[in-house]
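Only one chain is shown below, in structure tokens, and it's the form predicted alone.
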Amino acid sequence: MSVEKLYFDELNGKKVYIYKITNSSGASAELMTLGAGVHAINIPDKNGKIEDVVLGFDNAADYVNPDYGYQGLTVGRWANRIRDGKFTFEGREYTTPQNQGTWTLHGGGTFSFGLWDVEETGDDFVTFKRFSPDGEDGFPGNFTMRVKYTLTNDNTLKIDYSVLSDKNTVANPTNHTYFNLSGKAGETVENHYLQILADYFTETDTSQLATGELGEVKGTMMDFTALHKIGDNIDEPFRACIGDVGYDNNYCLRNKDGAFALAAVLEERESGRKMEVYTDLPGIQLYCGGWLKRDYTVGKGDSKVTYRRGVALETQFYPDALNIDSFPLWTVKADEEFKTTTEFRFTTI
């Protein structure tokens, strides 16, 4: 195992670096100081051919364009949506950036679009750190987030999130990597097979904001309780989806009380690659890049970031849980470490 520091690019006059972890079989993960993000995951197919299975960009500036979908980036302080850019916590109202219409998306983007410090590296891991002062983007508490990436010899990328705050506060970190297990530049994810271990999803209104109600997946296009192709029903009209965007929805996982468990399975059968997602969080957002444009020309080499070319499986608390009392929420207690873990386990079939 080894970790190599590589120069990537410059952003606003500051150098952006990639830390590349390579395991004993030659698989590797490339992690950026920009947004504590995933730049590449190079994993073997069923024949041993190693290819990059995530979307991204050849330059730093494209990563910080919100229209390009937060490719690979860490999201904080609060992932997903906050209705009307405000919430009440412990009797006080807080106002957050309205960076997507009238609501907050991904905490306003500050965590994703800035440079992080590298706190520590080892033979198989890199730990990034970012300090957020009290009141930044409207959130309470002097807040430090750490994101530790570990690549194992059995091709698991483990992400450990850790938060410390000097005040009671909230946190909902996630990673926004888009996966395409085919390793092919022109492939969409519609032929990938997906399973999500969830019987319910969070209902949404016409703006795709959570209503507080849960819908059953059974008998609807939302049902991924058994493996089937993402493209089978993606264009079916449905109340929780918008136009030809397709899936951009939160699923309510079966794991209970913070149990670390299997959340989703993704397979691409021509390459034979399989990925399992494990988490201790109660939700996972399925997003298939339906907001991305078909005519984008940016990406990594011939692999462009375009419509439905990647699938994001974002482990999280439910969208707008800050405003919906019935949704599960674990708060961050002052001076007590808050931790959550997600794993992406790669194998072949």
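What you are looking at is a predicted structure, and each value in this text was computed from that prediction instead of being measured. The numbering used is simple: start at 1 and walk along the sequence shown.
One more form of this protein, predicted together with a small molecule, exists but is not displayed; see below.
- Of the candidate stretches 78 to 86, 159 to 167, 234 to 242, 134 to 142, only 78 to 86 has residues whose heavy atoms lie within 4.5 Å of the small molecule in the predicted bound form.
- This chain lacks the partner; the member of 195, 208, 155, 96 within 4.5 angstroms of the small molecule in the predicted bound form by a non-hydrogen atom is 208.
- The contact residue chosen from 187, 248, 223, 276 relative to the small molecule in the predicted bound form is 248, the criterion being a non-hydrogen atom within 4.5 angstroms.
- By the criterion of a heavy atom within 4.5 Å, residue 44 is excluded from the residues contacting the small molecule in the predicted bound form.
- By the criterion of a heavy atom within 4.5 Å, residue 30 is excluded from the residues contacting the small molecule in the predicted bound form.
- In the predicted bound form, the small molecule sits beyond 4.5 Å of every heavy atom of residue 299.
- In the predicted bound form, the small molecule stays beyond 4.5 Å of every heavy atom belonging to residue 303.
- Contact check for 54, 268 and 346: none of the three has a heavy atom within 4.5 Å of the small molecule in the predicted bound form.
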